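Take a look at this single chain, the form predicted on its own, given in structure tokens.
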């Protein structure tokens, strides 16, 4: 009577986790270029998904100075320089955003990964979106790049855009 348990147990275990690998994935690669300027400050960066009406569907990443303290507040004082993100979402949020806020990053390539059903991506309704990356730098410039995408992906897809000053290449990979 006990012999059936070892034979059935692997099937029960794999069947129980079969749905775990089916969540769609969104991977973002973005480049912060190394700038040859006299006074360089790491840029503040916001990454979000916007709907066709340009409203925010999900805030995915926000890199800013988390450690600075002062009378005017922490590094949040400069979040307003991320103008598009600030107008659409930032001014209504309480910082730091759990699972979204992070420290500024140095020049170079950076990768972000998100899975359907998990924060901060959550469950997006099917439709067209733009992945938006905005960077602003103290004593520097500001730049915004949009990469259109369709969610959920029916097959593996990739798209990319190229920044000119504060951002380098931005690419998106989608997996069903």
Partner chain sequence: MKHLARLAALAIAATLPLTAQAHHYWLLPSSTVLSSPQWITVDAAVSNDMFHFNHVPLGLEALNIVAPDGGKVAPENMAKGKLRSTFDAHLTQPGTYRIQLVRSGVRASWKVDGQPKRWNGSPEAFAKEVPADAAELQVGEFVSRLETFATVGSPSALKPAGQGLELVPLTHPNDLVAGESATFQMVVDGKPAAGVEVTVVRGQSRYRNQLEALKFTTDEAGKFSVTWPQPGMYWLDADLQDAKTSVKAARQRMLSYTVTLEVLPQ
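Note that this is a predicted model, so its numbers are computed, not measured. Positions refer to the first chain, counted from 1.
The following text describes the form predicted together with the partner chain, which does not appear among the structures shown.
J.: Check whether residue 104 has any heavy atom within 4.5 Å of a heavy atom of the partner chain in the predicted complex, and answer yes or no.
T.: Residue-level check for residue 104: no, no contact with the partner chain.
J.: So, residue 92 and the partner chain: in the predicted complex, are they within 4.5 Å at any heavy atom pair?
T.: The answer is yes: residue 92 has a heavy atom within 4.5 Å of the partner chain.
J.: Residue 142 near the partner chain in the predicted complex, any heavy atom under 4.5 Å?
T.: Output for residue 142 is yes: heavy atoms within 4.5 Å of the partner chain.
J.: Taking only heavy atoms into account, state which residues of 78-92 are within 4.5 Å of the partner chain in the predicted complex, ordered by sequence.
T.: Result: 78, 79, 80, 83, 84, 86, 87, 91, 92.
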